[in-house]
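Just the one chain here, laid out as structure tokens, in the form predicted alone.
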Amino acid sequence: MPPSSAAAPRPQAPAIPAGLAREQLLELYYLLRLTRSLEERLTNLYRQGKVIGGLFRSLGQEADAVGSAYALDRDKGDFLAPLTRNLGSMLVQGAEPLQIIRQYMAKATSPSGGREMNIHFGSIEKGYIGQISHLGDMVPVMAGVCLSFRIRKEPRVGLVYVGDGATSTGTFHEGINFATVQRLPLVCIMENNGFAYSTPLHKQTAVKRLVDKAAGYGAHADSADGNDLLAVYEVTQRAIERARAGGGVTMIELTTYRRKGHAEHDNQGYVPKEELALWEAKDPVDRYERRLDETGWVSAGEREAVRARIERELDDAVAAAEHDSFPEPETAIADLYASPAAQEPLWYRAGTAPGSRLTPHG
């Protein structure tokens, strides 16, 4: 018989892991790229002197924030507490680039009205709470949030991030210990990025792996390559499902690397150059792009369209934020008290002019 003239069937793309749909893979790409591009814009603004305060980049760590937060269920009201390098998690929860840029530029239109440092803001409506500067302190805060979920019998889960250095703090210990004893629906992401500011891991803890600390608390333990977006999503999804089912706390170690200094002012002189080159080759954005390419899940054209969309969105956001005004000085103490005030502050003498102090009584 003559050979068939029909074209050979095209090989099928591998199955997408963790029950994700192709549209979700594209959304993950958007969020991953947006995180990096937004931080690049913020770096440009910082170097122009337009950022008020410090700038803490997540270069090389974007996959651990985006992949873990994406596993939360926003429809169920899951909640997170980001850390310094978790801008991507906030974007997953619905934070808008324009509002973030306004906050970094301390504009009157920013979420805090030009108050607070640029990383100390949150949105209860969108499901994330602003961090406390003292690292590790968000663990007991989120333990309390998760306790409220259980008291109200709500099937919600909390996610909290800490760095490797924060796992050696007292508040981390107290928060995790309380959460595990109470079997609260909390997932703790421990980002092992090699350094606590300039202190390498081996100089601040004797354990070889952060996840080994889980046994001392009676928490579930898991780990993943923090530069593999889908691996991060899968390991966090397992922990969230366990927490929602009443299985208690999971501590997840994500191994990654901080490819910038602690902040833009830090030249990272304490980091061996060969280490930086090694981890640059493991870049999480490039790695995800290669996987999409190799599997055929998302085409190069679709990815280019996403990048073009991000550039347009950021162009518009920067232009709008630069046009906005700074807050007026007299607004500095606004919103400190209820408006209108429900009652005079306790230290004012009733019936006297505003500002007169209450005299202590013997």
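Values in this document were obtained by computation on a predicted structure and should not be read as measured data. All residue numbers refer to positions in the sequence shown, first residue = 1.
Keep in mind that the form predicted in complex with a further copy of the same chain is missing from the display, and what follows is about it.
Enquirer: Considering non-hydrogen atoms and a 4.5 Å limit, which listed residue (Q99, T180, S223, N193) is close to a further copy of the same chain in the model of the complex?
Expert: Comparing distances to a further copy of the same chain in the model of the complex, the residue within 4.5 Å is T180.
Enquirer: Decide yes or no: are T167, H173 and K213 jointly within 4.5 Å of a further copy of the same chain in the model of the complex, with each residue judged by its heavy atoms?
Expert: Every listed residue reaches a further copy of the same chain in the model of the complex, so yes.
Enquirer: Does at least one non-hydrogen atom of P155 fall within 4.5 angstroms of a further copy of the same chain in the model of the complex?
Expert: No, P155 is distant from the partner.
Enquirer: Given that a further copy of the same chain is not shown alongside this chain, does L276 nevertheless sit within 4.5 Å of it in the model of the complex, heavy atom to heavy atom?
Expert: L276 lies outside the contact set for a further copy of the same chain.
Enquirer: If we define contact as a non-hydrogen atom of the residue within 4.5 angstroms of the partner, is G218 a contact of a further copy of the same chain in the model of the complex?
Expert: Yes, contact at 4.5 Å.
Enquirer: Even though a further copy of the same chain is not shown here, does T205 get within 4.5 Å of it in the model of the complex, heavy atoms only?
Expert: Output for T205 is yes: heavy atoms within 4.5 Å of a further copy of the same chain.
Enquirer: For the chain seen here without its partner, which of 195-203, 277-285, 87-95, 229-237 has a heavy atom within 4.5 Å of a further copy of the same chain in the model of the complex?
Expert: It is 195-203 that comes within 4.5 Å of the partner.
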